[in-house]
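For reference, the chain that follows is the form predicted alone, supplied as structure tokens.
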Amino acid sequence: MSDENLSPTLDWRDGTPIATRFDDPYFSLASGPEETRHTFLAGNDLPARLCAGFHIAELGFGTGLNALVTAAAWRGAGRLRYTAFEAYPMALDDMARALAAFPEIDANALLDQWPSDRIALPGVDLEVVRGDVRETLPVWTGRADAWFLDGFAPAKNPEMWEPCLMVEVARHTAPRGTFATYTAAGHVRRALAEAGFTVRRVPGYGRKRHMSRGVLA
């Protein structure tokens, strides 16, 4: 099990943080914000579905880029809810360094309040749930309208993609709620289908030929 107070050890490649524990980057080496928009926003039919009170949940908060891109996409009245599950919260200096690669993204609200567990972004109420998601998700009382499944690659971080965890994702999804993820690994798609989602493999971002998206049946 993880130590919720342990920050990840990083390598850096052209401004992109690489988690040495998993030998995997936190976002696309080409364009992190565009990857988020393609994979997690469009993959969940967002921002079209967004409305006041809409609840997004994320496995793997990382640099916070997905939350910031989501906040920037929200133009409506009222506030969104965003719950992120993170086992290895990034140190403030590392988060600031990573997000500096995207000057078009306003990260000030996140950086000014990090590492608080509850952060007010423009239009978004963010909660960060720290610790091993296999322990924290089963006892979570919320249900998400859309899931961003953004753990490190299944081959390198299999614990984040276990079938029992996908069951918990489904159990904590609102009726007709959705998920999107960059991975199209067969065992992940099967686990999500067995958990109750109708799963589709669709074109991925950049060099990733395919990704997965789905709706709770």
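This is a predicted model, so every value here is computed, not measured. So that there is no doubt, residue numbering starts at 1 and follows the sequence shown.
From this point on, the text means the form predicted together with a small molecule, which you will not see here.
Participant: Mark Asp145 yes when one of its heavy atoms lies within 4.5 Å of a heavy atom of the small molecule in the predicted bound form, and no otherwise.
Facilitator: Taking the distances in the predicted bound form, the answer for Asp145 is no, it never comes within 4.5 Å of the small molecule.
Participant: Can you work out whether Val133 and the small molecule are in contact in the predicted bound form, taking contact to mean some heavy atom pair no more than 4.5 Å apart?
Facilitator: Yes, contact at 4.5 Å.
Participant: Mark Trp74 yes when one of its heavy atoms lies within 4.5 Å of a heavy atom of the small molecule in the predicted bound form, and no otherwise.
Facilitator: Trp74: no, not in contact with the small molecule in the predicted bound form.
Participant: If we define contact as a non-hydrogen atom of the residue within 4.5 angstroms of the partner, is Pro154 a contact of the small molecule in the predicted bound form?
Facilitator: Although the small molecule is absent here, Pro154 would stay clear of it in the predicted bound form, with no heavy atoms inside 4.5 Å.
Participant: Heavy atoms within 4.5 Å of the small molecule in the predicted bound form: which stretch in 154-162, 188-196, 49-57, 173-181 meets that?
Facilitator: This holds for exactly one stretch, 154-162.
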